[in-house]
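Take a look at this one chain, the form predicted alone, written out in structure tokens.
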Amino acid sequence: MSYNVNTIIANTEALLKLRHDETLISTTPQRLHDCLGTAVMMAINENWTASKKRRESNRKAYYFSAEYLMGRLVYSNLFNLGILDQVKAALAQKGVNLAELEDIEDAALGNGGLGRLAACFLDSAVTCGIPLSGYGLRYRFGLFKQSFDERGSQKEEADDWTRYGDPWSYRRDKHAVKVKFADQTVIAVPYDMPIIGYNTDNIGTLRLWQCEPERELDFDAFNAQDYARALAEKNKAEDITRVLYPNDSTYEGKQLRIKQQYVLCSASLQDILRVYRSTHGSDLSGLSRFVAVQLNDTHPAMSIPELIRLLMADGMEFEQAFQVAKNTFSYTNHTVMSEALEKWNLDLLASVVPEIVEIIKKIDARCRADHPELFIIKDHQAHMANLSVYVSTAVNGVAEIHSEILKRDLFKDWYAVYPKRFQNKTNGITPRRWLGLCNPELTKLLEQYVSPGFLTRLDWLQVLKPLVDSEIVEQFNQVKRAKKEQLCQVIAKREGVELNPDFVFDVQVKRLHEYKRQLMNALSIMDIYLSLKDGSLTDFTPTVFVFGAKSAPGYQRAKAIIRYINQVAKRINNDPDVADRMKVVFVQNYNCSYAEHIIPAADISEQISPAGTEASGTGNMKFMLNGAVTLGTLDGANVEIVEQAGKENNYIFGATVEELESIRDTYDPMAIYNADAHIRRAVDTLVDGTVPTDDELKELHHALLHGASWHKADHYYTLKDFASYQAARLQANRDYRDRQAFGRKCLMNVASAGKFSSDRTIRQYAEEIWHV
């Protein structure tokens, strides 16, 4: 379907006049965005409705996820509709620059890779014509906004992402449902967001639930001037979807987290059953023939007992309901980290959803009767990962190495009983947002050598490999230089730091966690800095080191790492001795939109978690597709990146999974610290006054060398991998000087990125798990 841009602009102007008595010229970016978004929604509405009708009676898949990191939608929606350039031109004729919408907030309803993957999957499904709908929660406040204080410490501010409206959602009151807890009943109201396919008429749907009270106001309490009690029911209901991942360090916080998860599960399943009944009748025994549900990690695992509960409430016996549930659900595991594998105390769970606990007990009894060595409940805790494995048709990891670890270690006992249930589905990214939209210059270059249609057939990029010669490398280097210049302007505006686009851009942007080893990166930078200062390092290409990361608000050690990196940046950036050789910048409030500026400008992609800890990663794929080399361990999808692009075109370091397992019980970081003067000097900058120290930096120092009560010293092998890391980093730094040879490495990564399209991933889910 073609869309009339003139009509969209005219409707935008009419909405501005109606709502705000403003023109395109006189309005704010926020109001322009709201009205332009509404005009686009008006334009796509007929097509959206037609897309829904086409899928009504067919088998469908549903994606249940606690996170959807959709990012800023206006540019990606216009891009996928094929009218971005036309809208830019039409607005420019009226004196308006569409770039003003850079000020629009991201829809940050996610924390990192899990939520961004969900967003990529929805984009790919609709583009590939796969009947997949998403279900999630419409948090009032998404992931917090981040800033840094004078000491470089993280400060959090609530992210009210709908403050200026939400033009990309429609409220669907008629499909609201009730969700009952032990102490309250709430109304879950759906908001539908269109997922617009690229170069297709197809439009999918993401349905997000918002909790509201049955009764807005206790009028008697209000008349009695007890205003707190008058609004107590309203506040208690709205609290459930008020904040993404509320602090669960207290009993009440854990109860709220359970309520969030149960709302997602119960409301979504009630909705699916409603749709099924309207199409296939009241007999629910055939549900799994028409419905497939993918659980994105364990957050929606309560869907399993909830579906069984709903089916039994409809008159089905437990055993039949169990079989229907098993044939309906599939489970994606995203982590091997024990702290992220959810376990709920049964008493806690019963205080919120007592009926669910009874169902889980039935499932556990059935499991133990079948297989005495397996369990769902242990030590009075419900193990949600075990539940998800037991009551599902398929269990998948998200990279080849991760899926093997699941079978060999995490779910070893389950794999022994259900070997055919386990699969691998290596993650992917949508090429539309992560190349076409964020890097139009590289897209245009690739179209000349590959084909204009490659954004939906990323595997076509492989034809580039024999064509990589000095001419295309020179063109690529020019594109990279342009993207670095653009990023320098963005960082100067947002961070007040002036960067030189002729420097190497060495980038680590991702969630802040100890296992992602931002600390190792920072210690390496300090070693380079001190070596430049004392003259022992003379062969160094000028480099800017870019960080972007948010720490969970209660994660004190991660917040200490942020502060340390900012102090390192302050020390280096204010030292005239190294001004022409290195800069460090930690960008504030790193999010999806910031990533769209940073990733295309990167020369070196830091993927440095210890082998066996990062399930897959998707940032590594985005950097690869935009022409950065990977400086990384053999962890997650790095393994497959190297298989596709060649070890000679990347910089791999560090111990393997097998090597780390072999030293797990004997590892002694103090021995490495004592034996290596460079490591000792770098680690001691945490406490020796090189940067302002404090108790939390001292604790970091102690944790590296001596451990803590909850885990051993240097739990993530920072000192073990440090020397190997530094050698690989400095090799990449030296290699950069040969712009032809380094550019060829970058282009070979681009040409090898076809496997990492989420189009490929979602097709595998559709064919091998969902059968849609």
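Please read these numbers as outputs of a predicted model, since none were measured by experiment. In case it trips you up, residue 1 is the first one in the sequence shown, and so on.
There is another form of the same protein, the form predicted together with a small molecule; it is not shown, and what comes next is about it.
Of the listed positions (502, 252, 469, 214), a single one reaches within 4.5 angstroms of the small molecule by any non-hydrogen atom in the predicted complex, namely 252. Proximity to the small molecule in the predicted complex, defined as a heavy atom within 4.5 Å, holds among 196, 565, 435, 615 only for 615. Here the chain stands alone, but in the predicted complex its contact with the small molecule, taken as any heavy atom within 4.5 Å, falls in 241-249 among 97-105, 241-249, 525-533, 225-233.
Proximity of residue 364 to the small molecule in the predicted complex falls outside the 4.5 Å heavy atom cutoff. The small molecule is not shown here, and in the predicted complex it never comes within 4.5 Å of any heavy atom of residue 71. The small molecule in the predicted complex comes within 4.5 Å of a heavy atom belonging to residue 342.
In the predicted complex, the small molecule lies within 4.5 Å of some heavy atom of residue 398. If you compare C-alpha positions, residue 251 and residue 67 are 3 angstroms or more closer together in the predicted complex than in the form on display.
Between residue 352 and residue 248, the C-alpha separation grows by 3 Å or more in the predicted complex, relative to the conformation displayed.
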